[in-house]
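Starting off, we have a lone chain in the form predicted on its own, written out as structure tokens.
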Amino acid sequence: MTEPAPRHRLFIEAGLAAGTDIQVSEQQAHYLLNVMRFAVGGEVALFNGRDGEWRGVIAETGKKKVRLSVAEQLRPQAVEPDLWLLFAAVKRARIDLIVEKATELGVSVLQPVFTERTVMSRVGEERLAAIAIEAAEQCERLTVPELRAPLSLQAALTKWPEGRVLLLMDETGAGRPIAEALGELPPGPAAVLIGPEGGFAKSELDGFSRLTFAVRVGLGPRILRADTAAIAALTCYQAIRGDWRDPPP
């Protein structure tokens, strides 16, 4: 009888293969020893975004260290949706929520952007990266989304990759209903763009109309906060075109 997978998971940068040893970071050692109260013989599930998920057994502990022995593979690496999220920098509590929920909803790339009406001048990249890792560990995905350095919206659009459609969440009411737009999209990679709390400037909206890869869509009759809009848009995408479908596209 196959043993069940460990309940607790850790994201590890190192390669994973049966028989290898992993020295976790001091922060992870603190979590295992002082928060979870693990001892030698305790088990965690390990993943690194490349090699699938593996059983890790605590082989040695010290004051600030834990050595794990990698046992058998629990899950092979799987293909995940190629879905980006571009989001205007907003206040800390809301941007933290955007990163956490986007990770749970399967986003592959997180790209903060500065728009004309963005109030925040910086984002806490280290904090957001830690939130993404914790969310990936919790939701049992096999990767952690790539958190990219913030860019101006113009810079992000100027170097836009060929073949990737951009779904612009348009709060003005001029966009197509999101379900309708998603139902007619051709196969291929996609991205969702969420504006700031004050919405996009008119000059930005005018510029979007000239972009062949951009599709302006609406999220219903109510004005949503940025974090709510991100969750709603990603949920619609995964339900209609993403890996919530059976079978996936």
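Start at 1 and count along the sequence shown; that's the residue number. Since this is a predicted model, take the numbers as computed values, not measurements.
A second form of this protein, the form predicted in complex with another copy of the chain, is not displayed here; the remarks below concern that form.
Visitor: Okay, which stretch from 178-186, 200-208, 31-39, 62-70 lines another copy of the chain in the model of the complex, with non-hydrogen atoms inside 4.5 Å?
Guide: After filtering at 4.5 Å, what remains is 178-186.
Visitor: Tell me, which of 134, 125, 146, 82 has a heavy atom within 4.5 angstroms of another copy of the chain in the model of the complex?
Guide: For this set of options, the contacting one is 134.
Visitor: Taking 89, 96 and 153 as the candidate spot, are all three within 4.5 angstroms of another copy of the chain in the model of the complex by heavy atoms?
Guide: Spot residues vs another copy of the chain: no contact at all.
Visitor: Can any non-hydrogen atom of residue 116 be found within 4.5 angstroms of another copy of the chain in the model of the complex?
Guide: No - in the model of the complex, heavy atoms of residue 116 and another copy of the chain never come within 4.5 Å of each other.
Visitor: How about residue 130 - does it come within 4.5 Å of another copy of the chain in the model of the complex, if we only consider non-hydrogen atoms?
Guide: No.
Visitor: Mark residue 57 yes when one of its heavy atoms lies within 4.5 Å of a heavy atom of another copy of the chain in the model of the complex, and no otherwise.
Guide: No, residue 57 is distant from the partner.
Visitor: Even though the partner isn't displayed, in the model of the complex is residue 167 close enough to another copy of the chain, meaning a heavy atom within 4.5 Å?
Guide: Result no; residue 167 lies far from another copy of the chain in the model of the complex.
Visitor: Note that another copy of the chain is not shown here; using its position in the model of the complex, name the residues of 124-158 with a heavy atom within 4.5 Å of it, in sequence order.
Guide: Counting only heavy atoms within 4.5 Å of another copy of the chain in the model of the complex, the contacting residues of 124-158 are 134, 138, 139, 140, 141.
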